[in-house]
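A lone chain, given as structure tokens: the form predicted on its own.
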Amino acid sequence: MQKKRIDYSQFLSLPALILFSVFFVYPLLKGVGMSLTNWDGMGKASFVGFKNFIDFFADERAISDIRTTLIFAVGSAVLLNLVGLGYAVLMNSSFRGKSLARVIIYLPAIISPLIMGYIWYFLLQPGRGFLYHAFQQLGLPDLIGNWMSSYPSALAVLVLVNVWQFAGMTMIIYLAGLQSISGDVLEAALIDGATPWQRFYRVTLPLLMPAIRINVVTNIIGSLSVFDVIMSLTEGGPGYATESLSIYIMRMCYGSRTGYSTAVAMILFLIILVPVLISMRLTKSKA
């Protein structure tokens, strides 16, 4: 009688599943339970049901933070992909100093967003910032005003600083995708009489879809959970105008509203999850 063999390959994923359960599933379930309480972070927690969620959507400051977070995320994600793709196409061509240009573009991404925010804070300070004195020497002292004093200009600065810092990371992924495209495919399209735009739109973009999917998902996640650059540049001001949901969660938690802040964190998790799933679905259908 032949002895039955045990297929041990099915257990190879067990360590990964254990780590996933310990560091994601358990904290998520713990957070869901905590979001239904009025725990202040120290005392005994009491079950309050969905009161925290109801209070959140009744808070005008919280709704304003959702709007700010979404506007920042949409602006950053779109610009990061457009600028990153433009950089990648440029860096994929041949010219002298290309390696140095790649380093310069990618260099801001290795700096902490908190530090980068403080750097731009000192550059943009009205009346004493570096850019103020630079434009003053050029005879344009009024060009640099207090850009952080109004909601539209402050939010625009935050988006542009974020794009300037992380466009290099997006470029690297697009550049890897461009270099993986076979030259024979582009040459065949050229022989068929395709114009440069047709080759890019009909051939290059569809083959870049895996890179597009990675960049869109990571940019959405990073932009919706933004914290550092806003905290260092505006601290959520003027007032609470540029406050993101991540900063709101932190302030509620340190304000002895741990249960409430956990409920907001659950809401932020869903806000991030929905566009990520939609974008993955859309890019997958075009792949």
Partner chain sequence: MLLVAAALCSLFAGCSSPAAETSEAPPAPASSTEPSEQTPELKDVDLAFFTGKVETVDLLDEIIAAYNAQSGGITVEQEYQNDASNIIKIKFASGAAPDVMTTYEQEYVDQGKYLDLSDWNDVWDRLIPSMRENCTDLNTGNQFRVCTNMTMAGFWYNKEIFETLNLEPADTWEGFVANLEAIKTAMPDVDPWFIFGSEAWHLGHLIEFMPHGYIKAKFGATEAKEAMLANDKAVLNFGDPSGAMATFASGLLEVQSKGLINADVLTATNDNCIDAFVTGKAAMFSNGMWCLSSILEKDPSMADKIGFMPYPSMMADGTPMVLVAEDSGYSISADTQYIEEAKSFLEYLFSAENQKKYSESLGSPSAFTDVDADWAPAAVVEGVNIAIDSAANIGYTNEKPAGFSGDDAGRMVQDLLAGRYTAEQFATAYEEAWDAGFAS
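For the two forms, the rigid core is made up of the largest set of C-alpha atoms that agree within 1.5 Å on superposition. Numbering follows the first chain given and starts at 1. As the structure is a prediction and not an experimental result, all values here were calculated from the model.
Missing here is the form predicted in complex with the partner chain; even so, the following discussion is about that form.
*Can any non-hydrogen atom of Pro126 be found within 4.5 angstroms of the partner chain in the predicted bound form?*
Result yes; Pro126 sits at the interface with the partner chain in the predicted bound form.
*May I ask you to state whether Tyr254 is within 4.5 Å of the partner chain in the predicted bound form, using heavy atom distances?*
Yes, contact at 4.5 Å.
*Look up in the predicted bound form whether Leu70 has a non-hydrogen atom within 4.5 angstroms of the partner chain, and give yes or no.*
Although the partner chain is absent here, Leu70 would stay clear of it in the predicted bound form, with no heavy atoms inside 4.5 Å.
*Is there any non-hydrogen atom of Ser149 lying within 4.5 Å of the partner chain in the predicted bound form?*
Yes, contact at 4.5 Å.
_Contact assignment for the partner chain in the predicted bound form, among Thr258, Asn52, Ser246, Ser232, heavy atom within 4.5 Å_ = Of the listed residues, the single hit is Thr258.
*asked:* Just to be sure I understand the contacts: of Val32, Ala45, Ile221, Ile63, which is the one whose heavy atoms reach within 4.5 angstroms of the partner chain in the predicted bound form?
replied: By the 4.5 Å criterion, the partner-contacting residue is Ala45.
*From first to last in sequence, which residues of 13-30 have any non-hydrogen atom within 4.5 angstroms of the partner chain in the predicted bound form?*
Contacting residues: Leu14, Ile18, Val22, Phe23, Tyr26, Lys30.
*asked:* Rigid core aligned, does the Cα position of Tyr26 differ by 2 Å or more between this form and the one not shown?
replied: Yes, the C-alpha moves 2 Å or more.
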